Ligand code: GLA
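What follows is a single chain, given as structure tokens, in the form predicted on its own.
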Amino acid sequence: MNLQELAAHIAAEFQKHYGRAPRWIVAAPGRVNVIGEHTDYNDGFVLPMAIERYAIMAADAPLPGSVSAASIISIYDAHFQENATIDISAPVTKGLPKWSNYIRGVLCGFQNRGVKIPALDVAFMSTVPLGGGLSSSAALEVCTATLIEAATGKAIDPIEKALLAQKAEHDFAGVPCGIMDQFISALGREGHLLLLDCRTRKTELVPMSDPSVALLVINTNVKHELSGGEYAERRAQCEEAARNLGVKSLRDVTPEQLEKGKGKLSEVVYRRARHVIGEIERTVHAAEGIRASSWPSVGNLMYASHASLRDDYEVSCVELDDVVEIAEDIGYKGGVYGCRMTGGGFGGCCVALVKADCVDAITKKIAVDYKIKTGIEAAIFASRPAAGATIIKG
């Protein structure tokens, strides 16, 4: 479903559940990171794009005299048909069901800003695949923040909104994520990628309007759980590398300095640092290549990124590697410029840069070969760069 169809669908779900039409409809997209993986919490560069998959919410003030009229936010998950209630008369805390914590964290963030949150009846759903590394959590957080903006009539700066959503993920989901996911969901623009300097928070829109290319997202349908410890362990290893090299973050280290200081690092920590430092360079070069429509060079950078994530950072898995190998076998002649895992790793998605007129053939080939290799059905879709968070009705 496109965004307008999705809005009509969630409005109908709200009507069915609450017995009236919604006053507000808001949405925020998931994202695919074209290149720049595990660089965000190292003060590096990332190059994500918003995808045409969204978290979407329909809402209205509760009916007068209802239980929730004064101090309750009632939330209905239209996909899983689950309900959550959040008491906003006191400081919002963690609770059940688990998915409600992404929403709770954002509400807490607004409370901490002194915003009086109104009671609401909410229906929501998401077309961002869960656990696929496409930032379903950031989409839900930014969507929630956008709903509170709409319901209170008080917009906040998009960067502040992204940071509020990031803090929600840290404090309520226990995932020490960087800033990329929330930034692209809040600040994305149709037809553009976003080059984000994670140190200065400076953003630069990179046009990607060449109709001859497309980005394919290949979901391996292998789930990962980022709070399982691997993510935090990689982050701690990067901090150890920076500390031992005498810098604030790995952003400050050149490849030459890394080699010179290699003796100060364990072999594993050295490889983690080598990935991050190389990936920061690759990301800057990829943005230059996209601006120049130099697709073969961008594709080569994507392949190099995957090899580094697989070998040095060790966050890939067999299924992700299988997808990249299939893409390499199809090759430039078959319409594939490059392919890499995207997201935190340990499952999730790959992203491939392909010739637009080969999308159908490539999709079929990857789907068939991946099923033969793994026995798993991949979910594959093409996306153009989508717009960031938006108020559709309100």
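Note that the coordinates shown come from a computational prediction; the quantities given were computed from them, not determined experimentally. For every residue, the number given is its place in the sequence shown, counted from 1.
The discussion below concerns the form predicted in complex with the ligand, not included here.
Undergrad: The ligand isn't shown here, but in the predicted complex which of Y270, W295, Y76, Y231 has a heavy atom within 4.5 Å of it?
TA: Comparing distances to the ligand in the predicted complex, the residue within 4.5 Å is Y231.
Undergrad: Please identify the residue among D40, E52, D369, D60 with any heavy atom within 4.5 Å of the ligand in the predicted complex.
TA: Spelling it out, the residue with a heavy atom inside the cut-off is D40.
Undergrad: Residues in which of 337-345, 324-332, 360-368, 22-30 have heavy atoms within 4.5 Å of the ligand in the predicted complex?
TA: Heavy atoms within 4.5 Å of the ligand in the predicted complex occur in 337-345.
Undergrad: May I ask you to state whether G44 is within 4.5 Å of the ligand in the predicted complex, using heavy atom distances?
TA: Contact with the ligand, no.
Undergrad: Give a yes or no for G178: in the predicted complex, does one of its heavy atoms lie within 4.5 Å of a heavy atom belonging to the ligand?
TA: G178: contacts the ligand in the predicted complex.
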